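Only one chain is included here, represented as structure tokens and corresponding to the form predicted on its own.
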């Protein structure tokens, strides 16, 4: 019997995370209360899963319970939470920023207190006070999405033209820019030679962005694109940066008369391997692709970094020159994202125990 993802997360610390309780002077873990603070954007979707996983890994490693806060997708709330963690005496801050450029002053206060600051998943910009960055190769996410469109439509071999529209995420999220750059750079040669046509002319992040990752805004934009540019239903693909948007885009396409599952239904990409999207990919009923970023691996990489830093070792870094946050190139450790479509969803997601078949079957 396969373990469910939730059961796997409960015991995944394993031997990789060394006991850190001995870091206190007398070995008493009570002296380490508030040792790590974790600030995540909100409690919905992936963040709750990751927050619970990080918390469990830290406690299983022998450390006291971390201070875990969710910012309700509100910048001021997140800043207030970080300020509280600093007052409580945390020695490490792990932060997935709501707004990548709004944390400079509070991080300066943290640095004055000797806190080590780790940007988690999202690069924190416009401050010299970020020590490390842990994430996936987010440029590669966009590459994978664009490559799926190219391969699904056989753009390299067919004459076209193929009509594609682009979406991007919140411009305040540094990752959104990287997703978009990866996708546009990959499509660029086909756009240049006319094989790929973006009838709306919206090819910049500023014109394709969905502020705040607000779902309703993606719905409105898709409806406007179809009404204005595709009354003949000749749209071939929609490059969506996230499953949240992808399923909404599929619903709009269906409402406008596109037939899901047919050969003429546009190729819709995604990211995050949300279970509802995986079910659509499996069944061929809408979204065709997603990008899987195994957040178990990201949490475990965070735990390894905390272990190394606490024990006086330089943490593993595999990128020192790509992530300029406006003040410096932040030392980074990057994980590889994985393309998921109808050909490999079971191997990647079920055989790895990320989802069970029952979870996919029961997805709404």
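Numbering follows the first chain given and starts at 1. Treat the numbers as computed from the prediction; the structure is a model and nothing was measured.
This next part talks about the form predicted together with a small molecule, which is not shown.
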- Would you say all of 148, 163 and 238 touch the small molecule in the model of the complex, counting a heavy atom within 4.5 Å as a touch? no
- If we test each of 91, 272, 137, 131 for a heavy atom within 4.5 Å of the small molecule in the model of the complex, the one that passes is 272
- Item | Proximity to the small molecule in the model of the complex, single hit among 187, 117, 209, 242 (heavy atom within 4.5 Å) | 242
- Item | in the model of the complex, residue 213 touching the small molecule (heavy atom, 4.5 Å) | yes
- Message: Just checking whether residue 175 would be counted as a contact of the small molecule in the model of the complex - the rule being heavy atoms within 4.5 angstroms.
- Response: yes
- Heavy atom of residue 293 within 4.5 Å of the small molecule in the model of the complex: yes
- Message: Check residue 47 for me: does it contact the small molecule in the model of the complex (non-hydrogen atoms, 4.5 angstroms)?
- Response: yes
- The stretch from 101-109, 118-126, 83-91, 188-196 that lies within 4.5 Å of the small molecule in the model of the complex, judged by heavy atoms, is 118-126
